[in-house]
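What follows is one chain in structure tokens, specifically the form predicted alone.
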Amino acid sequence: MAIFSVYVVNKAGGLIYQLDSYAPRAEAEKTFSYPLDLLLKLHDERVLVAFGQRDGIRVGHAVLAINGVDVNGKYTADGKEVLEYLGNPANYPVSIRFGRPRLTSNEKLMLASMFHSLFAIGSQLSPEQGSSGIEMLETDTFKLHCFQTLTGIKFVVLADPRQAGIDSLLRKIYEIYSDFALKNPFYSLEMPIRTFPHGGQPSPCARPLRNQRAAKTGTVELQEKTMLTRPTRSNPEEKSQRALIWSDSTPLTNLLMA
């Protein structure tokens, strides 16, 4: 049992926060000799199998790792271009892991907007007024749980069908959002909540903001940071964009990792 993903969607249907707490399952891994007997092509910044279905490898599967090194888009984690690397006979034999492609940021934005529309349609289809909209969608591999606040913010959790306590989790995420986003004086409503990798550093213009309650207990010294974008020269009157940054040490991440 597990929590797969968390989405926070604003009242206009825009995705303002998303977190994946699972690794995509590898469908097949095989060692190949040169020449590669699969046809790979670049599509939407991902290397996909276009022809040569065999041994559990399907058309549409993406290259997830090469020789144990993860692949992000069309590059490996160490910066090598995938198609160029696989086209060099000197790199063989090579072990390639295939699986379902990861969702891109644009795809996540699109899906969040589509769910917002489906939520509104579900409310309008109700024979009674005051419908709460979609609260749960069930499939054979996961359940989608949704909690909408009075202000229209939607908290969506994708979880294992056998996972219990999702209602409590949704309200806990809402509580964390209220404490670490809405109480932040630098955060503008409807703006994205960004993250940076654990141990990573925010941009030089980021200013730390201590959570006073956490500072009193001494549990978390630095819970949140804000990043202010300066107006551009082309449009000096443009207002600075403000986005709250949640690091991997925030309670939301700790809650899902528990």
Partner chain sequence: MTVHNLYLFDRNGVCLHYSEWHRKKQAGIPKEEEYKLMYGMLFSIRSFVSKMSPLDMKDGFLAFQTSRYKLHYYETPTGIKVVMNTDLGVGPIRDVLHHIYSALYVELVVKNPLCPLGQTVQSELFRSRLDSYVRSLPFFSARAG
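Numbering follows the first chain given and starts at 1. Fair warning: this is a prediction, and the values are worked out from it, not measured in the lab.
We do not show the form predicted together with the partner chain, though everything after this point is about it.
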All of L42, E45 and V69 within 4.5 Å of the partner chain in the predicted complex, heavy atom check: no
is_contact(N91, the partner chain) in the predicted complex, heavy atom dist at most 4.5 Å: no
Contact label in the predicted complex: S105 to the partner chain, heavy atom within 4.5 Å: no
Proximity of S95 to the partner chain in the predicted complex, heavy atoms at 4.5 Å: no
Contact of A77 with the partner chain in the predicted complex (heavy atom, 4.5 Å): no
In the predicted complex, residues of 111-135 near the partner chain [heavy atom within 4.5 Å]: L111, M114, F115, L118, I121, G122, S123, Q124, L125, S126, P127, E128, Q129, G130, S131, S132, G133, I134, E135
